[in-house]
Structures are given as structure tokens and as C-alpha cells.
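Only one chain is shown below, in C-alpha cells, and it's the form predicted alone.
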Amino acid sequence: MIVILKQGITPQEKDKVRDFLTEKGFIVKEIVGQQDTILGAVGKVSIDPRTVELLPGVSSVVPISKPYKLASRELKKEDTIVHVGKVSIGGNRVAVIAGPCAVENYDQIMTIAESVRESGAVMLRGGAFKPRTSPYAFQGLGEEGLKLLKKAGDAFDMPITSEVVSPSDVKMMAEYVDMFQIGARNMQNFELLKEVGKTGMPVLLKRGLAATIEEWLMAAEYLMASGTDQVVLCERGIRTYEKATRNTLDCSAIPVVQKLTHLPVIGDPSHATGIRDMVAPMSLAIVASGASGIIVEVHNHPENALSDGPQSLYPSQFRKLVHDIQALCPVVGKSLERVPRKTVIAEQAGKEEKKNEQSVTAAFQGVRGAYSELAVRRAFDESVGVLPCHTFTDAFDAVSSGNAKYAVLPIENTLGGTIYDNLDLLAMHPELTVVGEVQVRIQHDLIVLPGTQLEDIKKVYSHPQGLKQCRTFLEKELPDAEQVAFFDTAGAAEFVAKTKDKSIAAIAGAPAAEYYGLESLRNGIESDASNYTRFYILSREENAGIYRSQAPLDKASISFSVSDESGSLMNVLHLIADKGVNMTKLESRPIPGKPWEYLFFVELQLPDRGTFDTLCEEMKEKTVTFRVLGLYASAIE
């Protein structure tokens, strides 16, 4: 049952409710949501709900209809984020787990670990115990394999996951792994599920070869009822009549499961297909289906692999796959999970972040639910606080003054072009630096009060660009509705919520609808689907280290001015071309107080650091002013 607590409940009253349920034999989980705090009570016992409703501090009691109680979205509306070391799985992230099918020797696992880490994997997988169909096949190195896997994980700063096959091995494996993996053949090994659940550690639960979705979720329920709430579901293909592939990847299961459970879902395209050339396209299909990540097999010499060589990617194939996933992420409203490497800078910055974790805040322009807030959530995990700012200037000032450690601000839109205000402000704030960028697909919804029908709408509020970008829909579906310009898309949604008038609607993003308790009457109403905004992530230099360490630096932004004489700009651009450096953006802005003089903004694909440093020195000699605005990882590689 779901026990919804009153908003004014005291800690003493809450403890009495929990104690009452526990004494009756229930397993009790407290869940704090955006609107309510609830106690989920599950168990074999039966009780009259009215007995609980009469307890002080209880608002109401709702029965859970699904047989999987703790895993059900009825119990918990918000998505669960599973934390494995520094890696977050779920929410708006796509986590990539990679490694060999089996750990074979020290050199093999260290080589592969280094390769997948540099390419973008955040977790390392590798089998030490291999349940094989044939008793004569390679069964794994056992505990020795776990030791090697842990050494590789420690060396390259990645949490590790490996399959457990026997309840008697759980205690031993817990000393080595960061996440248990339950294989398809063991999904309904209930004694194993109980033992693993008792550890309270994160678990990757693969779907059985012929398991229904309900059976899969019931297996997750065993884990959760035994003690862990950190469960990741993994679709790895099911057995069908088709023999062209090893299994049949059930991508349709991913959105179905996400409606039924709050647990994150990832996919395993390696076991689903069994064919190396099919792993990449099926990985993209898994991400497009809404999954929170993939787990793939990679081997430096798959032709010599002791297990599953034909389905293992070469390192070069894996590198390209990660780039393709990163390009796809903005389309599905997610970003690639990145974890900083252990460096001197990262460790020092990390200690500072931990010391002041309550003050880690990212500023953005707009009100809650704005696209800029969505960009913040793509750039940072859910623990980072947000600071809505009325203007771009306020957001810059918040970082400059230390009221926020970061700011996430739009710099360019595919339809509207460069946001010049932020270029100008960046020039005025030499104490700030660009530490990253993030890309967000701008998807507009028609947002209304719950119960509003299309024929009820007389006015539509949105930012002028929002109205313009949805012109085709408005002309066709709401030709008589008045279009009213508003200062902000999310602000328009807030206005609709406050007025409580069903005759008005807003054009904004789905997060704004959720935040203000509204609903999307129509989704994706923009005329051009290729509408993306690129955001700069800014900070003071002393806070830049931790963010910059999350991914290889492959991009640079610089600004400079030149003397007013023939060929001065061309001479600078020649330096860039002569070094073989690709210039991806060039803008000019007037310099305040200097009529007809201009500051040039340039974005470069960062070559090796030595070439870039040499280029900077040569540019300084041919420019009047020169500044490196930032070195960072590109949003799309």
C-alpha cells in the first residue's frame, strides 16, 4: 500500500506510522516526491487500510495494484537514479558500460579498460564466472579474474560490474565489484536474488531468455524486497523463432517497462544480436527507445577471444559508437554520462566540491522549467542546485560574485543564430571561462491546464521565437486564437498556471508543464524539428578543473582584436589555416566605446595542445588584444 503523509506531519508522527507498519510485518520505504512524502508498505500480511488512515499525520492510503510493489511506478512516480561509484544511471543521462565478455589475463583487461575509458565508457564490465551452455567452454578465471578486473577499474578510475552465478559467491564478490550482474539464465534464481539483494549493493538485472515483462519486474521485486533499491534493468534480447541473430532485441520493451517501473532500463546489443556489425545500429535503437544506457562487449583481439568474440567490438568501432550516441542524445532529450578522471586538478577540485557540496549551484536565465534549466540538467547531475536569473547579466554576475559556481547560457541556435548578448557579456567578464558546452533539442508543446480541450483555447502565450517556430501548427489547429508574445516560454507556462484560465495556453517545453502542474495537449508542435540550442558552461577559473576533467578537451574558444590596417584580420586567419586547425565559428562584435572597431570570436577544433599553444603565441604577436575564452569538450564529437 501507499501511505500518503500530510504535509505538516511531525517527525514523531512519521516514526509512529513507520513503527506501526513495521510491527505488522511490512517492509517500509520512505519516498520523498516533488509534491508528497509517502511510505510504501509491502509484505505478505493483510491489513484494513482504514486502520492506517486513522493514524495521526496520514492523509490517505492507496493500494498498489501491481504484483511488483516496490518496483512499481504506482509507489514512486519519479525515476530512480542508480549510483555506482561516481556513475549515475537513469534520469537524463546515457551511461555506457563496456569491456570484454570474459577477463582472460592482466594485459588483456588493462589494454581494453584503457581503450574504453578513453573512448567514453564510464563503467567496466568483465566476466569472471561464465555460465556457458557447453560444459567444455571457457568458464572464466573465477576470483583471480575479479582481482584483475578490480585492478583495471582502479587503474582507470571506473567502477566495475561482473556476473554472479552462485549464492555462495556473493559475499566474496562483494569485496571486488561495485555492481552485481544477474545474467539472463539466473533471472529467476530466487535464492541468488535474495542473497544479492541482502548486500544492498547496485544490481544489473538482465531479462531472461523467455521472460515476460512482469516476470522480469518480479525478479527485480525479489532484489528490492531483500534489501537493495539500486536496481538497473537490462534488456538483452529474448529467444524467438528467428535464427538470423543470436536473440531478438525487444526494443519495444524499453518504453513499456519505463511506464510500469521507476527503475532505469539499459540495453545489451551484444548478446541481443551476437553479430559485431549489428551492435552499433542496435545500440542507437536502444538509446532512441529511451534507455538510460548500454552495456557492450569490446575486445582488442576478438578473433582470439576465449568467449563471444564474434559479437565483440573492436576498440575503433566502440569509439565511433560512443560519438554516434553522443550525437543522438540531444534528440531524445538526454546527455552522455561523463565521469572525471582522477587527476591532481580533479582530486583537488573534487575535494573542494565535496566540502562545499551544498553550495554547488548552476545559474541560468529564465524561470523554473525553462529550456536553460533543461540544459543545466544535461550538464550536471540532479544534486546540483539551480539559480533562476531574470536576465543574462544576472546569471553572469551570479558566477562572477560566487553566488553560483557555474552558469549555463545559450550561445547559438540552429534557427535563430548566435545569441550576441552572451558573446558581449563574455567579453566583459575576463574572470570567467568556458569549461564546457551542452546541446538541447528545442521541442515545443502546447501546454494547458488539465482538462482543457483544443476548442477552449482563445489565446496562446509564448516567447516570440516560440510563436514563430510553431506557426504552421497555430495556423492549422488554432487559426482564430490570439498569439500573445511573452518574455519567456517557461514564463508563459507559469502564467497559465497562475491564471487558472482554460481559455489560454502556452508554448513551452515539457519540463515546464511538469514543473507547473500543467499538461501537454499537443507534443512536438514546432514546424522545424532541427531546432537545437547550444549552451556554454561558464565558471571562474578556480572552479573549472572538476568540470573540464570529465571528457577530453577537443575545442577552444578565443577572442581577439586587430589593428585597423589592410590584411590584419587575414594575417591572423592565415595563422590558423597554416597550422591545419579547423575553425568552426567566426563572429564579430563592435567594441563599446571604440566606434568601428570590432572584437572577433572564434571557435576552433582543438589540435594537440602543443600546436594550440604555439598558435596562441603567434596570434598574440599579430593582434591588439587576445584572450583564450576556454578549453572544453565539444557537445557533439
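Owing to the predicted nature of the structure, the values given are computational and were not obtained by experimental measurement. Each residue number is its position in the shown sequence, starting from 1.
In what follows, reference is made to the form predicted together with a small molecule, a form of this protein that is not presented.
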query	finding
Contact at Glu163, Ala184 and Glu297 by the small molecule in the predicted complex, all three, heavy atom at most 4.5 Å	yes
In the predicted complex, Asp268 touching the small molecule (heavy atom, 4.5 Å)	yes
Contact of His444 with the small molecule in the predicted complex (heavy atom, 4.5 Å)	no
Non-hydrogen atom contact Lys555 with the small molecule in the predicted complex at 4.5 angstroms	no
4.5 Å heavy atom contact, Lys130 and the small molecule in the predicted complex	yes
Candidate from Arg236, His262, Arg117, His463 lying within 4.5 Å of the small molecule in the predicted complex - any heavy atom	Arg236
Heavy atom within 4.5 Å of the small molecule in the predicted complex - the one residue of Ile457, Val82, Cys101, Ile411 that qualifies	Cys101
Which of 194-202, 508-516, 218-226, 175-183 sits within 4.5 Å of the small molecule in the predicted complex, heavy atom basis	175-183
